[in-house]
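What follows is one chain in C-alpha cells, specifically the form predicted on its own.
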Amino acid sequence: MFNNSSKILFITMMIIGTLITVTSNSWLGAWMGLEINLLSFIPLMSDNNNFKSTEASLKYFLTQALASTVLLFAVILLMLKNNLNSEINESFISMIMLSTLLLKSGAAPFHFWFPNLMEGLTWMNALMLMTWQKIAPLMLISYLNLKNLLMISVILSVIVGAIGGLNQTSLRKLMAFSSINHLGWMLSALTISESIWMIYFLFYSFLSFVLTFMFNIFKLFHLNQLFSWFLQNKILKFTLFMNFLSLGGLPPFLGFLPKWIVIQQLTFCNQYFQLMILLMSTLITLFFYLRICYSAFMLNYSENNWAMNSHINNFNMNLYTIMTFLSIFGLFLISLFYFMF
C-alpha cells in the first residue's frame, strides 16, 4: 500500500480531513473535514484486483453522502435558528445531527451498510474503516448533548454486534460486528467523559491492528482457512486466538482494561441498566470467539502438504510477537506500572 504514491497522497488527505473535523470550531468546518475524509477514503478502497471493492466503494459513497447532506441540512437549520430566530426546536436539530453522525460511524440502528461493505475490502482498508474513520464522527457526537437517544443507540449497537456475529463464517464480517459492538461501548464511554472513550478507542485500535496485521500477512478471510492453517506452527495459531479473546475482552488480557474502566465509571454514574446490557452482549461476543477457539484447537483438520510453508519475514514476526505480548500481558504490565509509580 505504501509503495504507491497516490495512495500515500490519499492517506495524507484522509488524515488531514479528520484533523480538520476534530479541530474545527464551526459545524460547517466539521462538515467540510468529513467530506474531505470521505472523498479521500474512496480511492483507497477501489482495488483493481477485487471485484467487490468497486461495489463497496459505491455503497460507502452513497451512505456517507446521504449522511453528509442531511448533516449539512441540519447545520443550515441551526444557523437559521441562531441568526434569524426562526421557531425551530433545537433538540430536533440535534437529533437529526446525531442520527447522521451515527450513520457515518456505522452504529446501530444505522449499521446495515457496514458488514456488507467490509466484505469487499482488503484488510488494511478494513482496519482504517474500523478505527480511523470512527474518530471524526465520534468527536462530533461528543459535542451533542443527547443522552437518551445515544443510550438507545448504545443498547442497539451492542445487541446487534453480539447477535450479528453469531452466525458469521467470514472473518471480515466477524470483525465488522465486533466493531459495532465496541462502538456501542465507545458511545457509552462518551456519555461519561471525553478521555474514557479515547482510552477505549486507543486500546480497541491496537487490538484490531494486531489481528488484521496477522490476517493480512496470511491472507485469511474465512474461518475454515483459520482452522486448517498454521498446522506447522501451533504457537502462532495459539497467539492469534489469544488476540481474538483479548479483543473480546476476556479478563486476564489487555482488552479487558478499557472495558473495566468503562464498567467502573458507569457504576459511579449509577447506570446499572445500561451496564447490564453491555455486559450481557459482551458475554455473547466472547461466546462466539471462544467457540471459534475451541473448534480450532480441539478438532482435527486435514493437513494440506502444499499449504505448509507460509513465509513471514523477520521484521513482521518480531512486530507481531511484541504486539501479542502486549496484548496478552498488557493488563499485568499496566497494573505493575501503576503500583510502581
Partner chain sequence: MKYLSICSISFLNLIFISMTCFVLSLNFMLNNMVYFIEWEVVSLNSMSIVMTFLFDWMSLLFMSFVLMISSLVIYYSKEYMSSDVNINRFIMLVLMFVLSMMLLIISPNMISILLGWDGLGLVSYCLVIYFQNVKSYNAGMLTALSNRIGDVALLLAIAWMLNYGSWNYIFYLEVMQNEFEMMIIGSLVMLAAMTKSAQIPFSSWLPAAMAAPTPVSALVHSSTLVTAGVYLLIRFNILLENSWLGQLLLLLSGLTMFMAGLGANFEFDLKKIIALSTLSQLGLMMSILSMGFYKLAMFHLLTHALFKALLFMCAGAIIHNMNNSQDIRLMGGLSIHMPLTSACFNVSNLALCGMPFLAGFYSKDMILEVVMISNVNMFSFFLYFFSTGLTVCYSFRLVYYTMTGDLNCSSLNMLNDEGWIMLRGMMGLLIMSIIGGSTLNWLIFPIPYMICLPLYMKLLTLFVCISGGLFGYVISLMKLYTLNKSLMLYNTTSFLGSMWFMPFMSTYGIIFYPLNLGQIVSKSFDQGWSEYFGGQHLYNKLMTYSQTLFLMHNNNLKIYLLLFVFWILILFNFLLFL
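Numbering follows the first chain given and starts at 1. These figures come from a predicted structure and were not determined experimentally.
The following text describes the form predicted in complex with the partner chain, which does not appear among the structures shown.
Taking non-hydrogen atoms only, residue 148 never approaches the partner chain to within 4.5 angstroms in the predicted bound form. In the predicted bound form, at least one heavy atom of residue 110 sits within 4.5 Å of a heavy atom of the partner chain.
Residue 216 falls outside the set of residues with a heavy atom inside 4.5 Å of the partner chain in the predicted bound form. Within 4.5 Å of some heavy atom of the partner chain in the predicted bound form lies at least one heavy atom of residue 73. Against the partner chain in the predicted bound form, the set 118, 131 and 191 makes no contact: no member has a heavy atom within 4.5 Å.
Partner proximity in the predicted bound form, defined as non-hydrogen atoms within 4.5 angstroms of the partner chain, places exactly one of 121 to 129, 259 to 267, 206 to 214, 160 to 168 at the interface: 160 to 168.
For the residues 275, 36, 44, 284, the 4.5 Å heavy atom test against the partner chain in the predicted bound form is passed only by 284. Note on contacts: among 290, 66, 32, 312, the single residue with a heavy atom within 4.5 Å of the partner chain in the predicted bound form is 66.
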